[in-house]
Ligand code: NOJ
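Here you get one chain, nothing else, as structure tokens; it is the form predicted alone.
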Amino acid sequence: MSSNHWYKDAVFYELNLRAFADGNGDGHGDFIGLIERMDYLVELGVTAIWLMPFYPSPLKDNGYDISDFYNIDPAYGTLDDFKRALAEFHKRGIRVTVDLVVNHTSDQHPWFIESRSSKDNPKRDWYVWSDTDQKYQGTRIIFVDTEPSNWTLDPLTGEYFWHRFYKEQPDLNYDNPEVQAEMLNIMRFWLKLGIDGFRVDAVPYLFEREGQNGENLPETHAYIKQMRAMMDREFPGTIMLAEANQWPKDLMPYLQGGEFHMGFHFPLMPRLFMAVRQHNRRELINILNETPMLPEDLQWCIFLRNHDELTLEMVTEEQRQWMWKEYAPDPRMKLNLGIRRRLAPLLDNDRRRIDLLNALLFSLPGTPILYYGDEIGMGDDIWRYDRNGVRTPLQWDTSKHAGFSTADKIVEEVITDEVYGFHRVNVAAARQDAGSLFNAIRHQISVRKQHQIFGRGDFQILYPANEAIFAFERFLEKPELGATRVLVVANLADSEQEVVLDTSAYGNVAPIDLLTGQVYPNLGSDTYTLRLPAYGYIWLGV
């Protein structure tokens, strides 16, 4: 496989620059602070970074409302600071992907200011305007808690503009060839600086058509093919990752025919949480059985949490209500069709369940992405606006502002509660504790990196009689890349469980738990019996 397929073996880290480290003492995370703290990421073992938006922005939507695609917000530093950070990442062997927000701009972008200034302005057709708010009625509203419509009346010209997210984020008009050409130029600008790829935001919504739901339209796929062709032609080895919250069958067209290299597997994530709460593998297996194995040049991207709410769009209404009841008992924990909580609070700060889900994250098919702070078990604050409660500063130590900044006032206050407050949960303490979550994740990442079977191997689910056990096999017939077969067995229950597996296909060989080095009894039996403690797991390699 070509080295251009580096993303298959990667371990990504989603980095919120605003909340990572303040290097100049102004209370706001920046590239200077990132460079100073970069070796922490090397220590953790991640091999790729997804940088959340750092472009100039009014910050109505955490930077996803961009007012200049070609620059750095002054709060983060300068373009030269970005170039230096990029060079420092590459020096450490870490790839860098950045957010590409294709669907919309800020309403403060000069393009939109021009567009709304008059109906005959040359930029008018760069956005979607209408004299009625009754068009495209089949299109769902995404931010149901804040936006009553996808149309907003602009008093300057008396027409409505279209937006799939906040009204401060007007959608670009991709029926305009000038818009299409400009987005390709934006991509070229950052690729020429040396980035390794883009996480492409909100990709299903680029075009609007009457009688359609406004998602996954043929025109959208045609434009994405143009993006991919340009990258392959001019910047080989760079990638695109699709943020498309869709069912696997609906996402597949984005991963075929020369479109994206990778796609987030959104429906998998809530079912991991279902499995550990229900102590049953059924829903998890159902979604995995609906998930196609991809050709060797494509990859799923899997995660437990990220900067947004735990989305419940890709579940049934009954499942959504159940998830809210189990994981969001306080109404403040809900947002839109999701749950705004971090990983540790979702799992009641139970290390057994946190370790188990991370062990599945690093062994299931796909490339894993860690959300900053989850590696030390950071908490959240459901009292804060929108999703700010899961975007608080990384807790480095017990000093002022958790070591994030020396400023008197910071961009977002750190967590201070008794369970997750920075005096208890911080990087410095985690580094010193051999049994910490940080060191457990660091070890899992290290083991994964030694065995390319996890990023590139085939996958087969096993069906033992005990439904509290989730078991699967990974295969890769390349001995030079580490283990050629790995049997993953996980106990989803809160009590010890016995499982009987058919291992006759393995032959009479003694497997070794890749995580602990423990040698297990020889495989080769159709009644191979294991006992796993509550939320226990093993990666048996042969």
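The structure displayed is predicted, hence computed values, not measured ones. A residue's number is simply how far along the shown sequence it sits, counting from 1.
Not on display, but discussed next: the form predicted in complex with the ligand.
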If contact means a heavy atom within 4.5 Å, which one of 255 to 263, 199 to 207, 282 to 290, 416 to 424 is the stretch that engages the ligand in the predicted complex? 199 to 207
Could you work out which of F143, W396, W126, W324 is the residue within 4.5 angstroms of the ligand in the predicted complex, going by heavy atoms? F143
What is the one choice in F165, F273, Y76, F112 with a heavy atom within 4.5 Å of the ligand in the predicted complex? F165
I have D232, T367 and R456 flagged as a candidate spot, so tell me whether each of them has a non-hydrogen atom within 4.5 Å of the ligand in the predicted complex. no
If we define contact as a non-hydrogen atom of the residue within 4.5 angstroms of the partner, is R277 a contact of the ligand in the predicted complex? no
At the 4.5 Å heavy atom threshold, is R342 in contact with the ligand in the predicted complex? no
So in the predicted complex, is the ligand close enough to Q169 to count as touching (4.5 Å, heavy atoms)? yes
I'd like to check something about R387: if you look in the predicted complex, is any of its heavy atoms closer than or equal to 4.5 Å to a heavy atom of the ligand? yes
Within 4.5 Å of the ligand in the predicted complex, which residues of 501 to 519 have a heavy atom? Give them in sequence order, or say none. none
